[in-house]
Structures are given as C-alpha cells and as structure tokens.
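Below: one protein chain in two forms, given as structure tokens, structure 1 then structure 2.
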Structure 1
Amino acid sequence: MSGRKFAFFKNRNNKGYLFILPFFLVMLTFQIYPIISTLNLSFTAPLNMFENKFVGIANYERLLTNEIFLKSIFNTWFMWLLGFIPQMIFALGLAVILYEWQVWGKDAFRTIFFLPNLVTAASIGVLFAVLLDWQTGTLNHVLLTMKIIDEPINWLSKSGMARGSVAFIQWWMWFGNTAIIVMAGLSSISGELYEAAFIDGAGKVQTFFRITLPLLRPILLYIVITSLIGGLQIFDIPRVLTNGRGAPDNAITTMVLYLYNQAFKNFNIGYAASVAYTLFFMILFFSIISFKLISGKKQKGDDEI
C-alpha cells in the first residue's frame, strides 16, 4: 500500500514537484486565500463584533456616492502624475547625460541618486515631516536665514502645497532609480545605429527622438506600469506626514489611506475590502491600457521600419 502511495515520487521526473510544493503551499495560504477571502468580505457588512451579513453590491454602490473616496481617487492620480511626469523627464535627461557624456565620477552619482531607494518610505516620511514642520522645520529655518521668506510657511496647511509636497517626495525618491533603469536600456542600444544616423546627417536631437526613444519603449513600458502600480498604492508618505488624517481637508487622503482608515480605524472591514477591489481593478485596467498604447506604438514603428 505504501509502495503504491509513493509510487508517483519514485519517478525521478516527478520529484521536482516536492521542491516546488512549499512555494505553492505558501502562495495558496498567504496570497490566493486572502484574495478570495477579501472578495467575499467586500459583499458583507458587520453585524456585530464576530459576524458579518451579506449585503450584495451595497458597499460598491456606497463607494460611488462617497465624496471622500471620490476625492481620494483624484488625490492619488493627481499626486502620482505630478511626481511621475517630472520624474520621467529628469530620469531621461540624467540617464543620457551620465551615459553619453564623459562625466567624471558618474558611478558615484548613480549611487547617490539611488540612495533614497535604500531607505523605507516611512523613514522618508518622518524625515520630510521634520523638514517641513512650519515651526521648527529645517526648510523654513534655511529660507528665513537666507531672507527668502519673512515668516514661516505651513507647507501642509493648504491643499495645493500639501499635494505638491507629497509629489515632490515621490519624485525625489524614485527619479534616481528610474534613471538607472533607463541607463540599462541605453546600454543595450547598438552604437552602430547612431554612427549610421550621424553619417546620414542626423543630429543628436533627431537621433534621440528617432532612435533612442523608440528603442527604449520596452523599458519605458516597464517604468510606466510599475510606477502606476506603486503610485496608485501610495500610503506611507501621506500616512506619516498627517498621522493618517490626510489633512488639510483630506487633500492628501489616497485610496489606500482611505482603505486603511476604514479597516483599522472604523473597523468596517467589508467596505474596506470593496475599496481594495476597486483599486485592484483600476490598476489592472490602466495597466492594460498603458501596455496597449506603448506596445501598439512600438509595433507601428516596427512596421514603418
């Protein structure tokens, strides 16, 4: 009997399943089961401390009419785009300069620009909370010393400045990492293409837009999608800067911060689960759109060539 039971693993080709079994057990326990459980919770509402009742799509209907959630969607997209667009511009410019120009100590520059990624986002949030404090903050102290301002500025007291501060932090954290990824893409482009273009009379601007950018599309696609996924899940910086309040007037309340407050402050787990799935489908939809747009342009360019 025992021989039959383990006959499957007597075949040497089947023994590999034993090595991948722990991975699938962990994935089923900590990934698949939570995903299915969260979906089930999104259709429920708390009945008491220990029980939930089925409410259908009521949680999703509530999302569509909740002003704070709708504002959190705007905040999330606005702060991501406000940080991502200059991030891409600076990263492309920095990558081209460090890769094509003979900059002294460019390896050291790459290390310095990458340093913010070695620090946790929560720590970065604490750092900027100290720097931006309107009473004792370093930034106000420096500006007052240089006579640039006459009185301290409360950077997080107005909606525009609060969102701009979060966007700046996101840009500062990630443009170095993006530049390094772009440099890796630049190194894969054959120098013969540039030589042939220069022989035909093309300038650096023309080669950048006709050779560099088209061949960087796979790298740019990766950057856009990963930045989109991370940007729409921004939580740490707004959470630390405002102690979870998203102040002023929920100006930097993001979708994930709203989810966190609903789940762990209001203990409305079912409603928070519906927020999580709404965010999931939003990320999925726009990731597919980004992939189609960028890969579609690439295909069109290949056909023209």
Structure 2
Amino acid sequence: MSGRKFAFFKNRNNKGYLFILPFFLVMLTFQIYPIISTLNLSFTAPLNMFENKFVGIANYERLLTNEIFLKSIFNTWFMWLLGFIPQMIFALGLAVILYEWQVWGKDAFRTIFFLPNLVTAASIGVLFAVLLDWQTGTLNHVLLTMKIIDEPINWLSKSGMARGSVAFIQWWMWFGNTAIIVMAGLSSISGELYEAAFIDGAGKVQTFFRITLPLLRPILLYIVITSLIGGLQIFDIPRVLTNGRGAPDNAITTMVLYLYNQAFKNFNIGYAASVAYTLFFMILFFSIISFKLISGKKQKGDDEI
C-alpha cells in the first residue's frame, strides 16, 4: 500500500513538490481559503451574530446604491490625490537637489526626511488628534496665545480640515520614503548621459525633463502603483484621527474604514465581504490602468528598436 502511495515521489523530479508543499499549504490555508470564503460570505446576510442566510447579490446591489459607500470612494481618492501629488513633487525636487547638487550633510537630511515613516501610522494619527483637539489641543493653544484667534476652533469637526489633515499626514509620512526611492533611481542613470547633454549645451531644466524624468519612469511607475494600492487601502489614520466612525459626517470614511465598520461595528459580515471584493477589483483595475499609462509608451519604443 504505502509503496504505491508514495510511488509518485520515487521519481526524483517529483521530489521537488515535497519541498514546495509547505508554502502551498500555508497559502491555501491563509490566503486562498479566506479569499474563497469571503466570496461565499459576500452572498450572505446575518440573521443574528451567529447565523447567516443566503441573499444572492443583494449585498452588491445595496453597496452600489449606498450613499455612504460612494462617498467613501470619493473620500479615498480625494485624500490620496491630495497627499500624493505634493508628495511626488516634493520627493522629485528633494531627490534631484540632494543627489545632483551634492548638498553638504545630505545623508543627515535623508534620514530626517525619512523619520516620520518609521513611526506607525496609528501613533501619528493619535498625535495629530491631540494636536488638533478642540478644547485641549496644541494648535488651538498656540493660536490663542499668539492672539491669532479669539476662540478655540473645532478643527476636526470641519470636513475639509479633517480630510486635509489625513492628506497632510500621508504627505509628511511618505515624501521622505519616496525621495529615497527616487534617489536610488537617479543613481542608476548613467553619468555619461548627463555629460553628453552638458556638452551639447543642455541646461539643468532641459536635462531634467529630457533625461532624468524619462529614465526614472520605471521607478515612478513603482511609486505610483504602490502608493495607489496603499492609498486606496488607507485606514489607520482616519480610524484614529476622529472617533473611528469617520466623523465628521463620514468626511474621512475611506473604503476600508467603511468595510471595517460594517464588519466589526455593525456586524454585517456579508456586506463587508462584498465591500472587500469591490475594493479588490477596484484596486486591480486602477493598477492595470496606471501600469498601462506609464509603461505603455516605453514598450512601444522598445518594439521599434
């Protein structure tokens, strides 16, 4: 019996499967099974905390007509773009300055810019909640002492301010990290190209747009895609900045925060699962789009050569 059972592995070439088996078992248990189980859940609605009933695609129908979910999509994109665009500009600028101009103490600057990224996002959210607090916050205290305002301002109750804060934190946390990646990209551009450009009489600005930027494209693609995936999943900072329910008035409810609140505050697991699947396809879709947009031209160029 046992001889026949293991006959498959007698073949030396098949032994390799034994070695990759642990990985696949872990992946099946902790990745594939949850993914399938989530899909299954997304077609159910809870009867109580214990039992679910099958409801077909009702969750998805509800989701796509839900005001708060649509708002959360807008919030997510809005806050991501509001943080990402300045982050990109800052990172490019800083990287070029630090790399090309050989600024004195550039390693120290690099470290300082990177520091906010070392602190967990949740702690930074708490920190900003304390700074912006209405009654006891540092910002109001400073402004009051400097006589800029007469009365404390309830910052986090204003939707614009709350969204702005999230975007600002995202920018502040990530521009250093992005700058370092861009610098790594810059160092891979051959110095000969710059030399040639210099000899041909190109200025700094021309060199930047004609040489640096095009050759940075793969790195920029990497940054855009990782930031997009991270940005669409933003959760921790909105979660801790206000009361966790996306206050004020769902202004900073992001898609993942919405998912979380549905699953773990309203205990509507099936509905939350349908949010998760919608989010998954959305990220997939936009990742493909951004990949095509940025790398498309280059591949065409490759073909011509």
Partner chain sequence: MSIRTKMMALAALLLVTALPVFATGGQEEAAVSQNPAEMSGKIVVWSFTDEVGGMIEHFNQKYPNIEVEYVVIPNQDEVYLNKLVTTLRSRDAVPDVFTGEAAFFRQFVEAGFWEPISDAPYNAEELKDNLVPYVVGLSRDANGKMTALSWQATPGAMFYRRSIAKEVLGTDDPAEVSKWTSDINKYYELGEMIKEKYNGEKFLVSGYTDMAQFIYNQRKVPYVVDNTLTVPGSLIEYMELAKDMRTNKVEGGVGTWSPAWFSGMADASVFTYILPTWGLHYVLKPNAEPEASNGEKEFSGDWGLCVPPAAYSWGGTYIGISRFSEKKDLAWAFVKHIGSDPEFAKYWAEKTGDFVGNLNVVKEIKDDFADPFLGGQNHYEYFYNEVKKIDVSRVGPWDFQIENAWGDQVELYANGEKTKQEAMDGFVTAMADILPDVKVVFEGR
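Each form is matched to the other, and the largest set of C-alpha atoms that superpose within 1.5 Å is called the rigid core. Counting starts at 1 with the first residue of structure 1 and goes up one by one along its sequence. If you're wondering where the values come from, they're calculated on a predicted model, not measured in any experiment.
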#### Entry: Assignment: the form predicted in complex with the partner chain
2
### Task
Would you tell me if residue 48 moves between structure 1 and structure 2 by 2 Å or more at its C-alpha, with the rigid core held superposed?
yes
### Task
Using a rigid core alignment, state whether the CA of residue 86 is displaced by 2 Å or more between structure 1 and structure 2.
no
### Message
residue 225: after superposing the rigid core, is there a C-alpha shift of 2 Å or more between structure 1 and structure 2?
### Response
no
### Query
Keeping the rigid core fixed, what distance in angstrom separates the two C-alpha positions of residue 153 between structure 1 and structure 2?
2.4
### Task
Once the rigid core is superposed, tell me how far the Cα of residue 18 moves between structure 1 and structure 2, in Å to one decimal.
4.1
